[in-house]
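Take a look at this single chain, the form predicted on its own, given in structure tokens.
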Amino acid sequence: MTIDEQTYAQYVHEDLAHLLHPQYYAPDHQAPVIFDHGEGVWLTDVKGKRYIDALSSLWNVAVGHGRGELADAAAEQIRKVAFTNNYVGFSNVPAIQLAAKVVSLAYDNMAAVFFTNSGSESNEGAFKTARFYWNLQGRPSKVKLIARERAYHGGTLATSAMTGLPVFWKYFGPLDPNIVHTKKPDNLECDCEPNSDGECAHWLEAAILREGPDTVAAFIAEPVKGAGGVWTPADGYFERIREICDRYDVLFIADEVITGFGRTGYWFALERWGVQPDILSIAKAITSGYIPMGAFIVSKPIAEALHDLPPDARFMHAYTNSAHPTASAVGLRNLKIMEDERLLENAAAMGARMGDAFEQALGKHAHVTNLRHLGLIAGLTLVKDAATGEAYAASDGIGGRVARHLREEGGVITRFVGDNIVFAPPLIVSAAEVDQIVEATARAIAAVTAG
């Protein structure tokens, strides 16, 4: 479909009048890109302009756009039954099969899946489950959750509090005081390499001791802080995190909503370091965004506790659309595509290519620093002077200006977080498309910083 300017203007008028967008700010929607269709890593808007989707839309379209196999899987299941109740005493075949498949792909200590509709719901459910578990163990004082600075965990009230980005808190308070964040301790001597954003594993231990180990139920962390700017961990970081959680009887929740299902070249990112969480949160790529779905997965000890509940301790956590049969059918077919097309291997290879290409193109750039990537997810920081580390003033809006130039002139859609530009193209991306993303980014940075 290609439309004229009058029709486009009408769409914009109706959008502004009636549609409230995520992270809504009306001036952002005066001249929006209105998408019409996609194929592979490409998106086309209603005016006929094509873009490379360099963020998998919102980190989720892992197998690319226009996959008829997923449309067929959804249609076939919808023709069988619109919806089935999965509450007390009921189930459906696709959900049973998908739960078994996900457990088979997840960490060896994982045992059971609770399906949700989004990553926010997955993280909310993970936190509730951690509290529930400690109550079953006779330790009701363990109610707090520790999260990290610059982390993003969702948009519910609890997951907004987990999110370590103050912009997501403003005007929504008060937040849950039992959700706290790591911070650099005063006079801390750290013997480990810091993460790309400067955080060290010892920050967690300091937070546990600050709050009191008997009050802390769980710690939540993304293997890569995605929506907060793609901040990657140092080698050894998550091994230490696991040790600290074990030392103080704190459950470790791995938020793999972005990194799950191949993004880092592994089914799940912590495999890279041989670390296993107690609870695993997923969403996005489980269906490649074709139908909303998420889940949290629990370890064998937690699953055993949930399977052996006393009569007065029913696990009263539920969503109408949990284990939706159509979403489950799409999820099954999506994971088969990933396996058949060896997309984890492609993610690893194209991720290495993207990292090398960014290093060659921008590694010595006067306005770029902190190039980082892990598998097929990457980020870079724009600075006024790379030699001194001097940052741009917030009023410069440098990230938004580069992202806009990249979109309008380079034909590449991605995302910026302050002064950081981030990338996570679909796992099907080719070498030529990776090169095009990097080249367009280098041109956009050169054009915007020239003045």
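Numbers for residues come from their place in the sequence shown, where the first is 1. Remember, predicted model here, so these are calculated numbers, not experimental data.
The form predicted in complex with a small molecule is left out here; the points below concern that form.
S.K.: Which single stretch, out of 115-123, 311-319, 209-217, 102-110, brings residue heavy atoms within 4.5 Å of the small molecule in the predicted complex?
M.R.: This holds for exactly one stretch, 115-123.
S.K.: Please pick, from Gly379, Gly154, Gly375, Pro233, the one residue with any non-hydrogen atom lying within 4.5 angstroms of the small molecule in the predicted complex.
M.R.: Filtering the options by heavy-atom distance leaves Gly154.
S.K.: Only one of Ile258, Ile253, Ala295, Ala323 comes within 4.5 Å of the small molecule in the predicted complex by heavy atoms, so just point that one out.
M.R.: Residue within 4.5 Å of the partner: Ile258.
S.K.: Decide whether Arg263 counts as a contact residue for the small molecule in the predicted complex under a heavy atom distance cut-off of 4.5 Å.
M.R.: Although the small molecule is absent here, Arg263 would stay clear of it in the predicted complex, with no heavy atoms inside 4.5 Å.
S.K.: Might Arg148 be said to contact the small molecule in the predicted complex, defining contact as any heavy atom within 4.5 Å?
M.R.: Although the small molecule is absent here, Arg148 would stay clear of it in the predicted complex, with no heavy atoms inside 4.5 Å.
S.K.: Please tell me whether any heavy atom belonging to Asp197 falls inside 4.5 Å of a heavy atom of the small molecule, as the geometry stands in the predicted complex.
M.R.: Answer no; every heavy atom of Asp197 is more than 4.5 Å from the small molecule in the predicted complex.
S.K.: Is there a heavy atom of Glu222 lying 4.5 Å or less from a heavy atom of the small molecule in the predicted complex?
M.R.: Taking the distances in the predicted complex, the answer for Glu222 is yes, it comes within 4.5 Å of the small molecule.
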